[in-house]
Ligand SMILES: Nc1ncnc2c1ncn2[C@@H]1O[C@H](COP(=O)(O)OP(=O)(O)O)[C@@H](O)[C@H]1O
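In the form predicted on its own, a lone chain appears below as structure tokens.
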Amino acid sequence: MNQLQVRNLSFKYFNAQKWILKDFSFLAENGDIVAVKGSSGSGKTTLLNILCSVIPKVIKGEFNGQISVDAEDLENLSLPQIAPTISLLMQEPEYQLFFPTVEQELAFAPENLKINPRQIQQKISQALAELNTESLRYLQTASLSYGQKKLVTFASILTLSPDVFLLDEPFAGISKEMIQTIKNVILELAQSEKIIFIVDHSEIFVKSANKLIDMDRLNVT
């Protein structure tokens, strides 16, 4: 069983007066879709960065508490060790595209896991098919539209097939058809017992979520 357990988590940035989280505890399990909502600046993206250990391993601040996946404390793992288990889709796809072509981009993560080349090609084909983006496979990433870049970064996470997906504004700036495609994939991931956290300003996915974190209503002072 996949479980992501947050225990007594507190965090604030250095030199900030306000705690973004204070003694926050939460449990997510197989198949959970967790909607993370709140006003601008309430700490939604910060929470996702904490869950994947970018905070405090890269971005520093005053941090207390524990995050574990299947009883494994993330404090004991490096970011490369965590990424195959917990993967973050960032708001801006430009920050997650590093290679000249889409195929190279999608191959990078499974290559790092030393998956054999034939399986890598299968993973790439499957990820692109799930997002209806097979036509992008051999294109230059620099030539893609914003929405296409967003789909490619999502596909790159699908090739990893982590236990926990952290999706920061996955529906922002893309067409209704792309939104429906991503919604369908998220529902399929939940049915396959993945855990999904979704930050979404438009609340497109709140009704489909079975758990909710409202950053405006947390007891933070």
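This structure is a prediction, so every number in the text was calculated from the model and none was measured. Residue numbers run from 1 along the displayed sequence.
In what follows, reference is made to the form predicted together with this ligand, a form of this protein that is not presented.
Residues of just one listed stretch (155 to 163, 171 to 179, 35 to 43, 184 to 192) have heavy atoms within 4.5 Å of this ligand in the predicted complex: 35 to 43. Using a 4.5 angstroms heavy atom cutoff to this ligand in the predicted complex, none of Met90, Phe99 and Gln140 count as contacting. By the criterion of a heavy atom within 4.5 Å, Leu21 is excluded from the residues contacting this ligand in the predicted complex. By the criterion of a heavy atom within 4.5 Å, Ile59 is counted among the residues contacting this ligand in the predicted complex.
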